[in-house]
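A lone chain, given as structure tokens: the form predicted alone.
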Amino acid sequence: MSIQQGSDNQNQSIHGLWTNRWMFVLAATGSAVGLGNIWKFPYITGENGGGAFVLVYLLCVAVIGIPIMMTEVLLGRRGRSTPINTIRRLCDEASASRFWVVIGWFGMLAGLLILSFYSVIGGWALVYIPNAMSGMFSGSTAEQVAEIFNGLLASPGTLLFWHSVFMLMTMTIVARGVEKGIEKAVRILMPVLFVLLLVMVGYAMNLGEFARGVAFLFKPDFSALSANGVLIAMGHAFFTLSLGMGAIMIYGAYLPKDVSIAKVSIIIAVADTLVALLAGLAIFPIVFANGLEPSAGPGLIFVTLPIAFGQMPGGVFFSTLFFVLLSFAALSSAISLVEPVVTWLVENKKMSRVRASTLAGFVIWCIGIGTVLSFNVTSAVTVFEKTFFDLLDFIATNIMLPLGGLAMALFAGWFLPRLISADELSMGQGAGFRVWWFLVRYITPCAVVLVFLNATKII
């Protein structure tokens, strides 16, 4: 693997560097863009009143998402290592307590746990591709589509097979490293993702309900937005950018020194938000044109949309296109979730990248079996009234990620010397740096605490 030297004499990542800033942007955008944008964003927007929710979400991306993303990238580039080793090095450089290494451990473990069930959901998207191609949804009623989905969940063998296929695809890409694996994958996946979304939006524009979909997304009705909806928007802005799990930090470790962290962070946040909005523009006109409910919940993609696809002209083509799109989005995020674990094994256990990828993938695959069985064989087994899947999702995304993001903001804002942050951000001590410094020290931590308290209020 070729190593591009930075402009200083820092130790470079042993795993290589991105060949240019656009490769980092594509990879980090791929990490951020996933099922959360295309599957979750539309249905939580539908459940929380549309335009007002979107407006609050955009504000939260600016106040929470971008400052924490800048923080995570600067930590990664300064440490040039895995999240754990990076924070350890920075603690020594800043003469801070090594307690902060918990940031790296939390992020790596959260990514591993999330991918274990994310892979199962990614398998749903994969199995829907041949279903769509075969015309299975053509002319189907709501009951028939629900039966297809319920039949999938009831079959542990089918779920396990597609979970395995998804994990194999992910680990094959990761095993090839930064330049030969991840870069090549995102060069293809991310541009295709945007093209497919634009095709879907183009189709939605011809349904006769596009104006209604646009109004639903962008015309604020604050009477339809509750206080809880504001907190959900805040939480989704945080989670959709893949923050707090070490993914952006490890990608930052591969970032050349001469690249502006502020610029690429803003580009990634804008691209991630654009994908979510395009998904909404593609989905809501289809929902309205077929008399369906925008607040249908998590089943909006796998249960509700196939009904619409089954009734529309060219439904076989567009349903296939959509689930290919969903699979691409899931795969691009999965790559980043496992990268911190693989690099830690390479650095600390002196494994080859192929062996590290195989071991990490096998462990994640084994944990994922628990999620597979939680939809059928062990569905009646609950802890705190949650199945294995629900409990894993709750712990990883609602507890570990907010704590990781909060810890990063506090470490960078209060314990990492200001000169180190200024050096990595390359913004001088001007207005831009002062805005970031104020946000990461005061505003962002307070906002993350609000998200965390909302997420854990049932405990």
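We number the residues from 1 along the sequence you see. The model shown is predicted, which means the values in this text are computed figures rather than measured ones. For clarity, a rigid core is taken as the largest C-alpha set superposing within 1.5 Å between two forms.
The discussion below concerns the form predicted in complex with 4-fluoro-L-phenylalanine (PFF), not included here.
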Can you pick out, from S357, S265, T86, S242, the residue that has a heavy atom within 4.5 Å of 4-fluoro-L-phenylalanine (PFF) in the model of the complex? S242
Go through T71, T343, S336, S119 and name the one with a heavy atom inside 4.5 Å of 4-fluoro-L-phenylalanine (PFF) in the model of the complex. S336
In the model of the complex, is there a heavy atom of 4-fluoro-L-phenylalanine (PFF) that lies within 4.5 Å of any heavy atom of G405, even though the partner is absent here? no
So in the model of the complex, is 4-fluoro-L-phenylalanine (PFF) close enough to A279 to count as touching (4.5 Å, heavy atoms)? no
Is the gap between G36 and 4-fluoro-L-phenylalanine (PFF) in the model of the complex 4.5 Å or less for some heavy atom pair? yes
Contact of A247 with 4-fluoro-L-phenylalanine (PFF) in the model of the complex (heavy atom, 4.5 Å): yes
Given a 4.5 Å cut-off on heavy atoms, tell me which of 364 to 372, 232 to 240, 168 to 176, 255 to 263 is the interface stretch with 4-fluoro-L-phenylalanine (PFF) in the model of the complex. 232 to 240
Classify A396 as shifted (yes) or not shifted (no) between this form and the one not shown, where shifted means its C-alpha moves by 2 Å or more with the rigid core superposed. no
Examine L416 after superposing the rigid core and state whether its CA is displaced by 2 Å or more between this form and the one not shown. no
Is the shift of I44 between this form and the one not shown large enough to count as movement, that is, does its C-alpha move by 2 Å or more after the core is superposed? yes
